[in-house]
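Okay, so we've got the same protein chain twice, two forms, each given alone as C-alpha cells, structure 1 and structure 2.
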Structure 1
C-alpha cells in the first residue's frame, strides 16, 4: 500500500513474521507515551507501528530479515522513559530507536543513546533536540521555530504588533517560549505579556485576566492537551475577543473535542496530514497522506492523527537508511539517515544533512483554522 513499508513487534502485540523464522531480526527500539497525560499523542503512534508491522511482514521483512520494533510505554513519565532507554540499550541491544513522544522525555533519554552510539529518531518537536547537532539524534516533527515563523508571519499579515504569550512550563513549552521571545522582535512585534501555566493546571483565568488588561492584538498559547483546551474555554468564559493562536502541539481532533465550541475560530500551524483532502491535486505529499489516512481509519475506526504521522516518518526514515546502506548497523544507519534527501513523509519532504537532523523548514507547516469543529486550510 505505502511506498515504503515497515514492521513492528511490540510488548503489546507479537506479530507473526512471514520471513523465515531462522533469520536474525533487525531490532529497533521505541519509547512512546501510550498511556498517561500524553496518551493522545502516543496512542496513535503505537497504532501506526502496529499497522505497519503487518504490512512489512506481508512483504517479507527488511533485507530478508524480520524487523522487530520493541515498544515501551513510558506512561508520560520521564523516569520511565529513562528506564526504557536503559533496557533497550543494555538488554534488547537495538541498532536504532524511536522516541520519545514528548520533548521533555526525549531530552532526558538523548544522552544515553548518544553515549551508546545508537541513532535515535525523536517524535517530539522541541528545537533543542537537534540544535546544537548531536551526531546520533534526529527528529521527525517540524520544529517549534518553524511553527513560530508561521504564526508570526500570519499575525504580521493581519497587522498585529502587540503580542501576549501563554506557555506551559514543561520542555515543549519552555522551548517554544524561548523561540517566541527570540523571534518576536525580528518581526517588529512587542511582547506585552509573558505568562506561564503548569501542565496540570485546570484554570488559567488569572493569566488571561492579566493579559486582557494589557490589550494585546493577539494571544499565542503554547502547550499540549489538556492545558490549551482549558485556556480556550477560559477565554470564552471571560468574554475575551482577542485573536488567539495555538501551537502545533494541539493539532489533533482530541483538542477540538476537549475545547468544544470554544475551539471555534482558533488558528494554528499544522502538518498537511490534518488537511490532506484540501490539498491541491498533484501536491507531492497528497497521495501518501490519503493512503495513510485510509489504512489507519479502516483498521482502527478512529481518525488519523498528526502525531501518529511522526511515528510513521521515524520508522520510514530508519528503514530508508537501512535499505540505502544494505546493512543494519548503528553506524550505517546514522550515516545514511543524515544523507536522506527528497524523502516524502507525512510531516513534509525531508532534506537531511550532517548539519540538519530534522530536514524540514517552515514550509512543512500550513496554517489552519478550526471551523465547525474541523480543520480549515488557510494558507498553502
Structure 2
C-alpha cells in the first residue's frame, strides 16, 4: 500500500514538475516577523513583497520566468527563524533570500545561508550584520551609525555638548546605544546620563526626572513605538524644555498620532520616504518614492512605512542583480549584488562593493522636525 502511494505521489510530483518547467519560477525566499513583537515592522514588509511580486509578474517576470517570493513568518522568534531558514534552503531551494526583520534573527540565520552559499539580504539595522563582512550577507536599512552621525552633526551645529540618552532594552536600542556611546566623545560631547527603558514600559517619568536633574543640553531617545511616544508625552508632563532627538525608528505617521501634541518640535533623522512630497523636484529618489507610496496605499489601504521600504529595496536589489547577471544562480546573484552602484532605492542610493554590503552612507537620512502634526524637512 505504502509503496503504491509513494509511486502515485512520485508520478504526480514529477508530472507537476515537468509542466511547470516550461517557465520554472525564480524562487526567492523571505523570512520576516509578520507576527509577534516586531510585527509592526514585518507586516509592511510582507505587504511590500507581495505587491512587488505581483507587479514584476504582471510585467512579464524576470528573464522570462515568473518570480515566486516564498514568505515565512518567524513570529519574532529565533527558533522559528532558523526553522524557516532550513525550510527555504533544503526544501524550497531558493536562489536568494530576504530577511530577517530583526537583527537578532538575522544574526541567527546568517551562518546557515553563508554555509549553503545562498545570498541573504537582511532588513535589520544592526551594524554587526555586515561588519565584519560576510561574503553572502547584505542589508538594506541605513545603519544606526549614519542616524547617529546626522543627529550629532545637528546637535553640534547648535553648540550642544552635554547629552543624555534614553534607549530601549531590545536589539534596536542596544545597537543605537553602542554607537552613541562610541561617537559622542568623537564629537567632543559628554554623555551625562545613559538611561534604559523596557520595550513595554508605560511610564518613563522616573528616567526623565533623573535626566532633568542633570540638566543636559539635549536628550536622544532610541526606540520604536510605543516607547518613544510615551517618552514624548512624559517630557511634556514634566515640563522639560530641553531639545529632544528621536531615532529613525519612529519615522512613521503612527508615532505622531500616538504622541499627539507632545510630538511637536521633536527632531529626528528619517529616510526620504517620510518626506517624499517635500523633496525638491528632480531629486533622484522622488519619483520612485511617490510611486511606491501611491501603489502601497492604494492596495493595502494602510499608511506606508519606512520598514516596508527595507523590503522593497531588498527585493529590487536582488531583481537588479539577477537582471544584470542574466541568470538566477546564487553565485551570480551574490557577485552582481556587490557590484551594484548608483541604484536608487527607497532608503537611499546604494553603492555596493565587496567591502560594503550596505551601500548607504549618512546622506541616506534627512533631518526632519515634527511641526503641526507633520514632518518638516530641515534644510541643511
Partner chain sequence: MKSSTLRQLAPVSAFYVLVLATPTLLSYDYYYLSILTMAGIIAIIVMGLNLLLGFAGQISLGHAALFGISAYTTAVMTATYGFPLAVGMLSGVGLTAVVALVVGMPVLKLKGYYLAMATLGFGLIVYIFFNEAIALTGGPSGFVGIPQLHFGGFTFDSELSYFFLVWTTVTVVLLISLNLIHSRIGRALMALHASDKAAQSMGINVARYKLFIFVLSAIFAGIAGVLYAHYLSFVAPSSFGFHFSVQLITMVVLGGMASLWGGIAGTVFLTAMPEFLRAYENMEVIIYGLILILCMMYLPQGMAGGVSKLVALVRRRLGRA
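Remember, it's a predicted structure, so these values are computed and weren't measured experimentally. For the two forms, the rigid core is made up of the largest set of C-alpha atoms that agree within 1.5 Å on superposition. Numbering follows the first chain given and starts at 1.
Structures 1 and 2, same chain in two forms; the form predicted together with the partner chain is found in structure 2. Of the candidates 85, 142, 28, 346, only 142 lies at a hinge (point where C-alphas switch from fitting one rigid part better to fitting the other better) between structures 1 and 2. Comparing forms between structures 1 and 2, one finds the smaller rigid domain rotated against the larger by 8 degrees.
The Cα position of residue 169 changes by 2.7 Å between structures 1 and 2 once both are aligned on the rigid core.
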